[in-house]
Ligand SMILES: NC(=O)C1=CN([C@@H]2O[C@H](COP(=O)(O)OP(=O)(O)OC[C@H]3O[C@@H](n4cnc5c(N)ncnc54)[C@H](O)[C@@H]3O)[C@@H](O)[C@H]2O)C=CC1
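Here you get one chain, nothing else, as structure tokens; it is the form predicted alone.
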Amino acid sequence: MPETLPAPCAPEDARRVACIGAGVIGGGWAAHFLARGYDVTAWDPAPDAEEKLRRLVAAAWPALEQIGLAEGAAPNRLTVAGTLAEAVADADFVQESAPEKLELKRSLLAELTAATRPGVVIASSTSGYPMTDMQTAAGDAARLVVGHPFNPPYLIPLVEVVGGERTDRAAVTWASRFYEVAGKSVLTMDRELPGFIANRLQEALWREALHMVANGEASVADIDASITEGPGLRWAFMGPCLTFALAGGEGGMAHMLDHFGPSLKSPWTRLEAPELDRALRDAMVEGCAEAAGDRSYADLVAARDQGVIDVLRATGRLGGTTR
């Protein structure tokens, strides 16, 4: 049974966010919250975490300026704390983005529930663990939710929100509303599902791509081009279900299923993951290096960010710039 959640401040009244873990995802969250006008306190145990975090925020800021900053937004509203307790002491919301290790998540969430003020909602950026599995050691698990982002969190709008067996439904509602106020596109799930929704769909595509490379059926470049020059252009503004419905013409999904349904029995996919042996690993690494060419990681990040901005602008999804 869910535990009882003490009432925190209203989502609209939250002003300070704590980002626990300052790697690619945690740093991306910090950049997003800063751009939306929040004060952000970050903590990460790595000795070089602050340097890397500030470099990430600086690199992301030009893209965020293009999108539009909230009033008062500034990188200098970022504070890096020396301890976890210091980082969450005044937080109105906590975003945990530690490495994807279950025991680490369990111990960290337990520490966070003990260190934060009563009622403050704590969200995990986990990409696959159910909250039920992560909240086992927490003394106050009612306010623990999953807030699963997509990389980079400062540009990709989607965040998937779901609680665990011990989570109060009010915490899920609070977190969903907070993310909406903070400028995210929120998908609130009714129940837990390992990998959530988008990652399960991505994983199916990824496994098939690995099979094709492993079997010499397609190159990395072929696979990427097949998406960016094909269905990816449609998926940017219309999901796979509605896209397939259009394939049925005026008859819609019903005609599509009646006409193309038998092809579901065709051997077009292999959902079991292939053996990730050395040969497959090398093929993927070499193929990606070839696709990158002489572009640096920074070049690729800038190109990706600009591409996302262009798609969001073209599809009218940049939205407002103030909270």
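Just so we're clear, the structure is a prediction, and the values are computed from it rather than from any experiment. Sequential numbering from 1, following the sequence displayed.
Just so it is clear, the following notes concern the form predicted in complex with the ligand, a form of the same protein that is not shown.
In the predicted bound form, Ala14 stays away from the ligand, with no heavy atom inside 4.5 Å. Though the partner is left out of this view, Ile309 does not reach within 4.5 Å of the ligand in the predicted bound form, counting heavy atoms only. The shortest heavy atom separation between Ser125 and the ligand in the predicted bound form is within 4.5 Å. At a distance threshold of 4.5 angstroms between non-hydrogen atoms, Ile20 is in contact with the ligand in the predicted bound form. Only one of 252-260, 66-74, 278-286, 25-33 places residue heavy atoms within 4.5 angstroms of the ligand in the predicted bound form, namely 25-33. A single residue from the set Val213, Val145, Leu108, Ala91 has any heavy atom within 4.5 angstroms of the ligand in the predicted bound form; that residue is Leu108. Residue in contact with the ligand in the predicted bound form (any heavy atom within 4.5 Å), chosen from Ser185, Thr228, Asn151, Thr83: Asn151.
Looking at 24-55, the residues that come within 4.5 Å of the ligand in the predicted bound form, counting any heavy atom, are Val24, Ile25, Gly26, Trp43, Asp44, Pro45, Ala46.
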